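For reference, the chain that follows is the form predicted on its own, supplied as structure tokens.
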């Protein structure tokens, strides 16, 4: 089986604490994600994308339907250990994930809970911190670090668990442009090494770096395809109050002026290269 994640007719409902109203957050969603792929999931606030991410990691369990992670059914209690070892998760706010007062101790927390032997934990911690360029900060207190550095520590903690998949739930939302760029470089590097990446984001430029983009709206999948395919539906995206990447919008305007911009140009580097060659 080549599926890292398989979701079959997933429904997730919850009850609001303040009103007692039942909310149908996920409405019969089905799709599969291949091992080693990079999938971005986009949607406005309330679209269900973060709820979907938490179902993948078994932090939430389906109201009905099924979620399989590396073949493990998340609804079976005995599988939860294997599910969370297979698919780690990195959240929006790194402060909510950091549990220790020393960086290297925080990265070691996950492997320790998995019962990994001490020598292997040491090796994993060092490798993970080097992977995110934070090894030199291993003895520091996390609260002394910047937001971007804290998020890199959170990612190192996920890497140290040796998962096959990492779900990133808006990991750059609280970062400045430099921090966002650093985190995206790490995410791409992890995917190049064979880790399945699922990126929940509202930044279209980040989604453009993925192999596949899934657009969620009101608990359902509205669009699903390559970035080129999905971003070609500009009018539909706007109906969902979503932007399109700036290079895609620029390409649309240039085409309207008679310049034949190729449809597969979706990032700034490709656009600049093409325009520099254009005569």
Partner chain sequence: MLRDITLGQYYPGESWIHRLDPRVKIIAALVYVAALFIVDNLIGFAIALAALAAVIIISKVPLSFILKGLKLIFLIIIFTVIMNLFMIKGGDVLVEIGPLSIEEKGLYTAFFMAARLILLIIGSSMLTLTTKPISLTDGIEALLSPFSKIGVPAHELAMMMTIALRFIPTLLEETDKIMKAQQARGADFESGNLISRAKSLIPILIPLFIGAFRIAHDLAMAMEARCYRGGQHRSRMNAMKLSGRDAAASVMLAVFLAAVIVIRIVL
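These figures come from a predicted structure and were not determined experimentally. Numbering follows the first chain given and starts at 1.
What follows is about the form predicted together with the partner chain, which we do not show.
**Request:** May I ask you to check whether residue 85 falls inside a 4.5 Å heavy atom distance of the partner chain in the predicted complex?
**Result:** Result yes; residue 85 sits at the interface with the partner chain in the predicted complex.
**Message:** I'd like to check something about residue 192: if you look in the predicted complex, is any of its heavy atoms closer than or equal to 4.5 Å to a heavy atom of the partner chain?
**Reply:** Result no; residue 192 lies far from the partner chain in the predicted complex.
**Prompt:** Quick one: is residue 107 in contact with the partner chain in the predicted complex, heavy atoms, 4.5 Å cut-off?
**Reply:** Yes - in the predicted complex, heavy atoms of residue 107 and the partner chain come within 4.5 Å of each other.
**Message:** Quick check on residue 176: any heavy atom within 4.5 Å of the partner chain in the predicted complex?
**Reply:** The answer is no: residue 176 has no heavy atom within 4.5 Å of the partner chain.
**Prompt:** Is every one of 27, 38 and 70 within 4.5 Å of the partner chain in the predicted complex, counting heavy atoms?
**Reply:** The answer is no: none of the three residues contacts the partner (heavy atom, 4.5 Å cut-off).
**Asked** Of 132, 166, 125, 204, which residue is found within 4.5 angstroms of the partner chain in the predicted complex when only non-hydrogen atoms are counted?
**Response** Partner contact (heavy atom, 4.5 Å) among the options: 125.
**Item:** Heavy atom contacts to the partner chain in the predicted complex at 4.5 Å, residues of 132-148 in sequence order
**Value:** Heavy-atom contacts to the partner chain in the predicted complex: 142, 143, 144, 145.
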